[in-house]
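For reference, the chain that follows is the form predicted alone, supplied as structure tokens.
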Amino acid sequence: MNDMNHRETMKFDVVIVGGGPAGLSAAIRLKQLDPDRHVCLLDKGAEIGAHILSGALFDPRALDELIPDWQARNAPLETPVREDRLLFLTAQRAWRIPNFFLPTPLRNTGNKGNYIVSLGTLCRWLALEAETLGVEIYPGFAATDILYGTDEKVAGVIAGGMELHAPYTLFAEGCRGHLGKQLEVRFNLRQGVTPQVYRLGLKELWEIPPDLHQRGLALHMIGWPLIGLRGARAHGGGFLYHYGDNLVSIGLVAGLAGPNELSPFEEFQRLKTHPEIRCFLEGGRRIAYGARTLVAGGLSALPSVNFPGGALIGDDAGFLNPARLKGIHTAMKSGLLAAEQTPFRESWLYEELRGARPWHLPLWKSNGRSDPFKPDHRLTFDKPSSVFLSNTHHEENQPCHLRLTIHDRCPSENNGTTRQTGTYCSKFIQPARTMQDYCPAGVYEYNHAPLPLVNAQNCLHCKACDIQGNAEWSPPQGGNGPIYNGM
């Protein structure tokens, strides 16, 4: 957006969009390098960490560089991984893969081991460290547009109706950033790279009986239920991490390029019914739910991250290491590199991503589909009750932040295919079903009409519909959306 008039303005040395690990790490490093630098960080969540969701296993390598005395400063890394376990599941059985066959990227123990963390809690701690250094943090401010100068350089952003000007702007919005994807097009940042690969992650937080808790256990599951379904070709798997005081985070990650009938939410609920998994949860209490997409393309799908006036960092660019199933430390390192103006190819981050080789199981088709999903509301649940646990809220009187784009890809038919005229393209029907299947929050409801009903108030900001090309996601009013606690 080029109009830089008729609004209240604020000027900074650096503006950072996004309060995740990448943005916060960049902000801290900028102030460490120059305490007089005027740094502003915006986040669309009501508070830092409100929209943050990850498994999460954490490699502290980047944190060691950013805050070497993090242990003395009470960083929330309290549960080191004590045991790695990988299971191959069928519908009723499980085979444990011996540790000496465990893929190296999935090994989390050792002298320099990893930690089971709440990424939202870690980000809140990083925000306090940033504020101590003088970073101005504004949660509840969604950056809605990009400002460009007369020289076509990025000159800042618009947030909350104000213009925030800066010579340099870092975009750390996470996977499928609303502004990041615009920058990729404007500056042709994806020229010569492979298309990005996306997956949808769903997670629940449970409090379980002490006698079932195995603090430090990192359990991963592959196989059922993602493979063995008729037509199912979604890469992914499950995880179950024991940490903290009797807490378990359990989740499923599924590729978004799967078949139309695959519902990641239902397969996640079904995963919990497996005998090897339900034994940890029975007698426990589900206390939180959320969903978010993640990038999985690796180095070959990484765009050019620098452009006039700024850079993409974290998952806004796609720095997650898909082979290790980890992206927190890589996001943090990308923020450090941007702050230091250190070339990416001269860093250990480049070497790690270059050496990453994602591994997958071969997939096959079976002769049948899973039985119809029926939640029991003790171990398995429906979408409405799950969204309730995400503390999601959107003001009713604001414009809908989801715009259906199915018609943009539909050939001309019936003298035009627009919702307003009441004439529809027959090709609407299949995408509408797909949207209902893959949405983890019940936003899209298909009732045998050509277009789905959009329940935008349920939106978890996972961006799956935007990635699939069925809708365009834009930031709702600042502070709206989920408020994840301990996720």
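Note that the structure is a prediction, hence the values are computed from the model and not measured. The first residue of the shown sequence is 1; numbering continues from there.
Below: the form predicted in complex with a small molecule, not depicted.
- Although the partner is absent here, Leu170 sits far enough away that none of its heavy atoms falls within 4.5 Å of the small molecule in the model of the complex.
- Heavy atoms of Thr79 never reach within 4.5 Å of the small molecule in the model of the complex, leaving it off the interface.
- Heavy atoms of Val17 reach within 4.5 Å of the small molecule in the model of the complex, making it an interface residue.
- Heavy atoms of Thr293 reach within 4.5 Å of the small molecule in the model of the complex, making it an interface residue.
- The stretch among 82-90, 189-197, 326-334, 68-76 whose residues place heavy atoms within 4.5 Å of the small molecule in the model of the complex is 326-334.
- For the options Leu147, Leu119, Leu205, Ala311, the one in contact with the small molecule in the model of the complex, meaning a heavy atom within 4.5 Å, is Leu119.
- Interface residue among Leu63, Val39, Ile52, Val443 relative to the small molecule in the model of the complex, by the heavy atom within 4.5 Å criterion: Ile52.
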